[in-house]
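Here's a solo chain for you in structure tokens, the form predicted alone.
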């Protein structure tokens, strides 16, 4: 396999050379799908349906030689000759071995789901989790693919719908406004539409509201051209006014792709962080001259901060804060130390939870823990690790379709305080993530079985708010029973 080293801080010339060489990998003859790899190399011993035979069953997740991904990789590579299992290291490429691990994990999860007890809320019944009990209250329905959620100082909610309307919802969810008039046109295309909404921290004085949307047009052939763009404005008398574009890239970056738009907002000390997904552009996430697959940091008026990591480099997008991202749809801040965290969709396997830091490369698509949707290794991937590219704090295999992320700093759930909460589209789950010293120390699924979770937000009342698709509702988690104080010394 051809490999070309990309420096941690790439020069324009070095990056251009690497991008020119990379198609050699992309256009190599296709290799077997993972399903075929398994049948060709594993099924004769472990069964065509993982049921076992000469070898052990792989159906129930009982791993005799260690259960981690590293253990499974080592078992495939090195085999157990004394037990009759040959080593496969010399006949399977590392990315093929990784695809087999993903495949086994997918089957393991499918089997476990048949008997798993999931924390599924039901009407007027509390759900007991490891630390807290809660009830799920539905606040509103009647929305159409709600996406983003942000709170005004008086408790009212701003809600985006994918096709374009921005609505104001009363704090109790009983009143939904007509669409705010005169908001910018939105391209409801594939995964894109009117996505994120954010309220400036000093909204009480300046009234600014931010929108993340699929901006674009239809050309003379009626083909759509879009990119993720950021705009701000104010709402007066039910209408959008005082509009200012915060980020709107040049027309050459607009594309007909319908995937991977991103985006979310974090406001901090006069800056706004936001996401532009890689739009299916693969290696464009590594190109600092393009917005695809980047997290941006700008002043809240759209100007580029002079201390951004790539300021002054010829031709680069100077608003870039980090790069090498695929499709982040969760972005939040740990309010204890100001650090930025995100969740992003991997391909088939390999969804990520990342600590976002200045100027770093998060690897997509050169490194990934996932494989392509057709069961083959990802084009242009060199494996799961490479010098100068960051490792995720957590990766999910199989994918959960991570969407929505918040850092809980409310008081209504004291035993959850300072935990992260990540939503899931595919699995319809809410994951609680506890981090200490930059490492994941605990994970728990606290909700499942309601619908696809699109957004997760702290409410001003200290409750956790969720935006669901299918059903299209806004709901919140409220404590079930009296709130118990956290005992001294509790982690």
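In this text, all values refer to a predicted model and were calculated from it rather than measured experimentally. Residue numbers count along the first chain shown, from 1.
Heads up, the form predicted in complex with a small molecule isn't pictured, but that's what we're talking about next.
Kindly confirm or deny that 41, 46 and 83 each have some heavy atom within 4.5 angstroms of the small molecule in the predicted bound form.
The answer is yes; 41, 46 and 83 each reach the small molecule.
Which of 55, 32, 449, 460 has a heavy atom within 4.5 Å of the small molecule in the predicted bound form?
None of the other options qualify; the answer is 55.
Sole residue of 298, 72, 127, 257 within 4.5 Å of the small molecule in the predicted bound form, by heavy atom:
Contact check passes for 72.
When the contact criterion is heavy atoms within 4.5 Å, does residue 147 count as touching the small molecule in the predicted bound form?
Heavy-atom contact with the small molecule at 4.5 Å: absent for residue 147.
4.5 Å heavy atom contact, residue 434 and the small molecule in the predicted bound form:
Residue 434 lies outside the contact set for the small molecule.
Whether residue 266 contacts the small molecule in the predicted bound form should be assessed with a 4.5 Å heavy atom distance threshold; does it?
Contact check for residue 266: no, nothing within 4.5 Å of the small molecule in the predicted bound form.
Consider residue 426 of the chain shown here, and say whether it contacts the small molecule in the predicted bound form, taking contact as heavy atoms within 4.5 Å.
The answer is no: residue 426 has no heavy atom within 4.5 Å of the small molecule.
Have a look at 426 to 434, 460 to 468, 440 to 448, 46 to 54 and name the one stretch with heavy atoms inside 4.5 Å of the small molecule in the predicted bound form.
After filtering at 4.5 Å, what remains is 46 to 54.
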